[in-house]
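Have a look below at one chain only, the form predicted on its own, in structure tokens format.
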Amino acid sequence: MMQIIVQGLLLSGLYALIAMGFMLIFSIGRTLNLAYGAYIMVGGYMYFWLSQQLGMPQVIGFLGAVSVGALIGLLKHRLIVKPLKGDAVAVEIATLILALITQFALVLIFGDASKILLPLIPGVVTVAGAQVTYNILAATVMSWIIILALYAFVRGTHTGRAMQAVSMDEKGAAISGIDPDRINMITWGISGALGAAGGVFFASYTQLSPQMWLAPVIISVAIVIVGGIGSIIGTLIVAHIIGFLEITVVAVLAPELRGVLTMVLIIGVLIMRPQGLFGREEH
């Protein structure tokens, strides 16, 4: 039982970080950024290339991965999202195509075989009687540091409050002197950075492969839909619900059923409360 609790807490922190970047775009840009997985893939592979193939320090590899993720987010907004603004379906299709192109590009560069990302910190520690790797512990701690920093930024800075205003009413925000295009650019950059950081942690927890983006994107969609558009607290709470749900299913039932209850949860919330458990109703 203690193993489930500890593993659930650790996995949930990682899921919360991955979903946070997806939530920002969904709440502010009103876009299902299906290329969010591209940030995750690129982050993992960039870290692998810098730290394991070039032998650079892990900190340099991590910062390089996050920087490239932010750059891709900015370019995606400028070259794809902005020209297609107003056509949500076109944006979603374009971002999905971009994710597939990114996957094919990484296969050409690194091959299609899965790779093992060395642990951020090797070793095992006992936490409340449960065996936990230092790697997932470090990934979870770093995830929470990033999440808390993001929360402080959104709640305590002028730009963060402008992001909240745009997420509530873009036209009203523009009338009050906020530049929605600038806020969207910043949001896409932050989203790319968060996705890349999550990609490094997720790849170190599982493995590095060109298909690694699929599961995190599905998890992100589930967390954002169930948590509610624009709710950071909702994202954190639902990330823990889904994290514990997956760990419990794997431990008690079967690993093959890992995502089934998550999908059932999405359907149930969509039927009973379409705006999500903690989301605001759209008028």
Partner chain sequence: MIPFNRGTNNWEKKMTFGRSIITGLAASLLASTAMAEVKVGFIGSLSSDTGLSTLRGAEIAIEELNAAGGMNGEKIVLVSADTAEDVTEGVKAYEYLAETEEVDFIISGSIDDVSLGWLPRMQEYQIPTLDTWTSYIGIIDMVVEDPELMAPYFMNIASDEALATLYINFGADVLKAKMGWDSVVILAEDTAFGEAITGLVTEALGPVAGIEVKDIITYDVGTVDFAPLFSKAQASGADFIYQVSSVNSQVISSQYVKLQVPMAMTGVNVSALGLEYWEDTGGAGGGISTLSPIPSVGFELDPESQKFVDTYQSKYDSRPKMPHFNGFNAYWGLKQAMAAAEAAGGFEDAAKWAKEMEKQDITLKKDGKLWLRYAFWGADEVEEVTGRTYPHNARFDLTAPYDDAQPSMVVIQWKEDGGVGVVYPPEYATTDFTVPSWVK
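Positions refer to the first chain, counted from 1. Quantities reported herein were computed from a predicted structural model and do not represent experimental measurements.
In what follows, reference is made to the form predicted in complex with its partner chain, a form of this protein that is not presented.
With the partner omitted here, the residue from 117, 150, 99, 163 that has a non-hydrogen atom within 4.5 angstroms of its partner chain in the model of the complex is 117.
With the partner omitted here, the residue from 214, 56, 63, 250 that has a non-hydrogen atom within 4.5 angstroms of its partner chain in the model of the complex is 250. At least one heavy atom of residue 204 is located within 4.5 Å of its partner chain in the model of the complex. At the 4.5 Å threshold, heavy atoms of residue 141 stay clear of its partner chain in the model of the complex, well away from it. At the 4.5 Å threshold, heavy atoms of residue 109 stay clear of its partner chain in the model of the complex, well away from it. Taking non-hydrogen atoms only, residue 113 approaches its partner chain to within 4.5 angstroms in the model of the complex. Residue heavy atoms within 4.5 Å of its partner chain in the model of the complex occur in exactly one stretch of 232-240, 63-71, 250-258, 35-43, and that stretch is 250-258.
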